[in-house]
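Next comes just one chain, in structure tokens: the form predicted alone.
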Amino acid sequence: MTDPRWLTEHEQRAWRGYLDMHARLTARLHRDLQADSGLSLSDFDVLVQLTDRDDERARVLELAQALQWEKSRLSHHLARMERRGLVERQECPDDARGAFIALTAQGRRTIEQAAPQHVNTVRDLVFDQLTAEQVDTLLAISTQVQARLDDTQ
């Protein structure tokens, strides 16, 4: 085992700042979304995945991969969303054991009502605080780190 390449003081401040920002931003978005619409941030993430698809449905494994969730976590979460009428299971004609998770009319109404305030919150907390150049930098950083994550899977 090689010796670790410790972070410099500057890198450590940047890393801890990112972790703190991520935790605080996620908590705030969750609180505000819950208060405004009754949706959790996890609910919203699932609904976005479904609304972004032409047929508004996906296999559980596809959703788990897209959300980076364990399949068991997603299954439990989908069951709660199904009880609330936001999604439904549909049979998969190609696979008798498989099923699609589909957006319901209630799910579509719910995300359509929640999205405007959610985007206002994201804009207020993030994008209204950044210059166009900083947004470009944020995009470049996230793209580069995601590419590295893809390379090391």
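Throughout, we count residues from 1 along the sequence that is shown. Because the structure is a prediction, the values reported are computed rather than measured.
Keep in mind the form predicted in complex with another copy of the chain is missing from the figure; the text below concerns it.
Chemist: Taking another copy of the chain as it sits in the predicted complex, is R31 near enough to touch it, meaning that at least one heavy atom pair lies within 4.5 angstroms?
Modeler: Because a heavy atom of R31 falls inside 4.5 Å of another copy of the chain in the predicted complex, the answer is yes.
Chemist: Do E62 and another copy of the chain come within 4.5 Å of each other in the predicted complex, heavy atoms counted?
Modeler: E62: no contact with another copy of the chain in the predicted complex.
Chemist: Answer yes if any heavy atom of P116 is within 4.5 Å of a heavy atom of another copy of the chain in the predicted complex; otherwise answer no.
Modeler: Output for P116 is yes: heavy atoms within 4.5 Å of another copy of the chain.
Chemist: Since only the chain is shown here, I'm wondering whether A99 would be in contact with another copy of the chain in the predicted complex (any heavy atom pair within 4.5 Å).
Modeler: Answer no; every heavy atom of A99 is more than 4.5 Å from another copy of the chain in the predicted complex.
Chemist: Name the stretch: of 85 to 93, 53 to 61, 100 to 108, 117 to 125, exactly one has residues whose heavy atoms fall within 4.5 Å of another copy of the chain in the predicted complex.
Modeler: Contact-bearing stretch, as computed: 117 to 125.
Chemist: Quick one: which residues from 124 to 140 get a non-hydrogen atom within 4.5 Å of another copy of the chain in the predicted complex?
Modeler: D124, L125, V126, F127, D128, Q129, L130, Q134, V135, D136, T137, L138, L139, A140, in sequence order.
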